[in-house]
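Presented below, as structure tokens, is a lone chain in the form predicted alone.
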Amino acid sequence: MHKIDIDIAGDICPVRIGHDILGELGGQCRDLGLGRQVALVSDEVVAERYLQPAAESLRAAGFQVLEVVYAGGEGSKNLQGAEGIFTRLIEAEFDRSTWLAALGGGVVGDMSGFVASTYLRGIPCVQVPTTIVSQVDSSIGGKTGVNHALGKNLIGAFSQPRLVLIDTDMLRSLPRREVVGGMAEVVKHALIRDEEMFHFLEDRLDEIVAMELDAETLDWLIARNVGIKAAVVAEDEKEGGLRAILNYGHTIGHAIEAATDYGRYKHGEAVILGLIGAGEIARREGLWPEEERRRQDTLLERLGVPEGLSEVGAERILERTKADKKRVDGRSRLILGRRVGEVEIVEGVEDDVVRSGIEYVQQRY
């Protein structure tokens, strides 16, 4: 088992990564000294496969488990969806000694974390991520939130989980589209901070997408990504500076999700499009050599670039970028590549420059 402890201003968030470790959830949580009552929150798809094994592990460790299952999906990641979870907690008379465990992908983790961070002004939360994107990205760092009709993750809070338990065996049951979307975040991590891992992805991407890596290598890959995000988060918890690099490709990606009402593209698919758009902007701005941009786009094309963006108006997407949390004084702050493994934060990017990146993706794909 890989063990990574994230130190956030003296508070330690333990992350445990391995295969076939879901059964250790109860024991790991017992060691944290958490209260007896826990709400185990999941969506309908994940619950069918993993809810009972997780609940049984918690009960065997002495916890009283309230199972909360909701529809899931980006369409329910909003205040209305969160209200249903709040209602279950209130009806069960959960008090401040209780806690919440999020079992699912990024949507479940974000929404459950938001509920935990605001219920009774905050109760503990444990994350048990089940997808690549949630294991390497959204469960790490304490960002919680829900969407608004005008933008993604605009309502939320920073609240570090008490534990993140990552069982990589869960990834082997994912459909290919889910794997591809999750791998967009892995590619992003390599592009911003890890050229060596980028080489690994170039060599073995096909094995990864087919989930044919041996268990130890898959554990290593997930742990390496967790380490990248953990190092950035530990230095900049609330995105005052460095942490913004983790949003490479996300300004345009989030705008694409919002412009299509969160229904056409999965998050990772939108990030793939956003990475390509940001790469074109960096090339036009003279930051990124053509050869480096080509390496990025070639790997993303092997991963799978979704089509159909030309059917969405460029101005509609551009307008959605204006709801981006990273804008400064009404202008975009973009993360742009310098070389594979290094990016920089560029402030004051004009709208017509952002539009050029959007239109490039539309014309090419």
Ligand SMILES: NC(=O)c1ccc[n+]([C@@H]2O[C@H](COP(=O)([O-])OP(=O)(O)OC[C@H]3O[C@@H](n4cnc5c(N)ncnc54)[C@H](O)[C@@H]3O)[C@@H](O)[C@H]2O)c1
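Keep in mind that this is a model prediction, so the values were computed, not measured. Don't overthink the numbering: it's just position in the shown sequence, from 1.
The same protein also has a form predicted together with this ligand, omitted here; what follows describes it.
Task: Sole residue of E74, D219, E269, D194 within 4.5 Å of this ligand in the predicted complex, by heavy atom - done: The residue in contact is E74.
TODO: Would you kindly say which of M183, M170, A258, V226 lies with a heavy atom within 4.5 Å of this ligand in the predicted complex?
DONE: Comparing distances to this ligand in the predicted complex, the residue within 4.5 Å is M170.
Open item on the list: Taking this ligand as it sits in the predicted complex, is S134 near enough to touch it, meaning that at least one heavy atom pair lies within 4.5 angstroms?
Closed with: Contact check for S134: yes, within 4.5 Å of this ligand in the predicted complex.
Open item on the list: Taking this ligand as it sits in the predicted complex, is V45 near enough to touch it, meaning that at least one heavy atom pair lies within 4.5 angstroms?
Closed with: Contact check for V45: yes, within 4.5 Å of this ligand in the predicted complex.
Open item on the list: Is T130 part of the interface with this ligand in the predicted complex - any heavy atom within 4.5 Å?
Closed with: So T130 counts as contacting this ligand.
Open item on the list: Residue-level question: is P124 within 4.5 Å of this ligand in the predicted complex, judged on heavy atoms?
Closed with: Because no heavy atom of P124 falls inside 4.5 Å of this ligand in the predicted complex, the answer is no.
Open item on the list: Please pick out the stretch from 84-92, 171-179, 114-122, 204-212 that is in contact with this ligand in the predicted complex, where contact means heavy atoms within 4.5 Å.
Closed with: Answer to the contact question: 171-179.
Open item on the list: At 4.5 Å, heavy atom to heavy atom, what parts of 84-123 sit next to this ligand in the predicted complex? List them in sequence order, or say none.
Closed with: Residues within 4.5 Å: G105, G106, V107, V108, D110.
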